[in-house]
Each structure stands twice: as structure tokens, then as C-alpha cells.
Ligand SMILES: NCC(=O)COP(=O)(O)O
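There is one chain below, alone, in C-alpha cells, taken in the form predicted alone.
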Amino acid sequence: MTKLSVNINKIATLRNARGGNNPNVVKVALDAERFGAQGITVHPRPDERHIRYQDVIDLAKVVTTEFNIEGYPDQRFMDLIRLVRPAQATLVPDPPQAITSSSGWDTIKHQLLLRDIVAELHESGTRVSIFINPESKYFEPAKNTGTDRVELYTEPYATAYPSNKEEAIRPYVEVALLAKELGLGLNAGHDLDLHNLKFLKESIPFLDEVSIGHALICDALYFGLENTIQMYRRQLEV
């Protein structure tokens, strides 16, 4: 079974636009779990433009499904992981000013850095996933860091999907099989939506988890959050 983790960053963006606490990030997370989400994902950035570090602390007290914290492993991020001890930490190579994640780690260049970070996170009892491009050269070095999983950066797949879905998925299937051979767990995320998610799952049936935020929250404006989460869940039940 592939789990659906709902990224609630956009809920925090909406809240922050007006100040106050509406919508309430913690309530939305609890509602998402009640509606069928199998995990909650957040990505606190240094400028706290959406999820704030205090949100992460508050969420850690109440989330009962899998709590996944994404981020660049600077000292503040590492301290946060040690404090809240989430089920999973997903390491992304974003610079502080990035609007959103736009590439995976160069696990060849940063193998030693990642190895030390993974070891430190494991001391907190947290599973580690490394955000990675669908290029085979990065997978064995990723394995050598000691990471538990890798998360496939799926924006190129989503972009190419409308014109040629078979060609779009090809490199992902290749690296997914490599990850399985190496004994790496497999997550996926970025620009996945109701149009392209089912084909991804059909093509890579052993995916452990997908993390979806922007498209899911946008769809919820039209279909409602409960219905939208169930719609996404159904795309994964193939």
C-alpha cells in the first residue's frame, strides 16, 4: 500500500496572509487525518513564510499518523528534529530563498555530508529520506549515506506527462527498480495531482509514500478537503 501524506504548507500560507489563526493549521491536520490522510508533511523554511517552527512543535503533539518534516539540514532544522522526533525527516537541498524544491541532492558530491546527517538523525529514532532526481548515478551514493528511503523528485514527470506519459515515467521506473535492488524505500513528491498520480502508482506499484500539497489543497477548494483526500486515496488503490 502506498501511503498518502498531505502537505499542509499552503494552509499556513493562507493563514499567514491575514495574520491570526484562520485557518488553524493544527485543526486542518487533524481533519486531514480524520478524512483519510495517512501522514502529515510540513516544510518549515528559515523565513517561516508558511509553516512556522512553532507549528511543527504544536503538530508533533497531536499528529497520530506519520509526521514527515522536510527541509534543508541546517542547525535549526536538526535541532527541531531532535526536539520533536518525527517519524520521518526528508532532506532537501533547497537554498533559503527557494520558492519550492526544484532539484534533488547531488549524492555524489555531498555523500559525506549526508552520511553524517543521516547518522545524527538516526540517533533521534527518525527515519530518513533523501530528495533525489531520477538519475541512476545518484542512487548507490545515496545508499552509502545510510538513508532509509529516497524521495523521487517528480516535477519532470508531471511536466512531461500530458504530452507523453510513457516517456515521462520511463526514467522513474528505471531508478525505482534500482532503489528496490539496493534495498532503499521509495517515496515520491512534487507536482503530483489527480491527473498523473494513478499512472505513477500503476507504473511503480511498490511506492511506499507520496507527499502531496499544492495540488491537493487547490482541489479541496472545489471538492472539499474530505472528498479530495478520498479522491487522492483512490488514485493509489490500483
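Position 1 is the first residue in the sequence shown; the rest follow in order. Computed from a prediction, not measured in an experiment: that's the story for all the values here.
Here the subject shifts to the form predicted in complex with this ligand, a form of this protein not shown in this document.
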{"item": "Stretch in contact in the predicted complex with this ligand, which is absent here, among 24-32, 170-178, 184-192, 200-208 (heavy atoms within 4.5 Å)", "value": "184-192"}
{"item": "Non-hydrogen atom contact residue 212 with this ligand in the predicted complex at 4.5 angstroms", "value": "yes"}
{"item": "Residue 196 within 4.5 Å of this ligand in the predicted complex, heavy atoms", "value": "no"}
{"item": "Proximity of residue 235 to this ligand in the predicted complex, heavy atoms at 4.5 Å", "value": "no"}
{"item": "Heavy atom of residue 2 within 4.5 Å of this ligand in the predicted complex", "value": "no"}
{"item": "Within 4.5 Å of this ligand in the predicted complex: residues from 64-82 (heavy atom criterion)", "value": "70"}
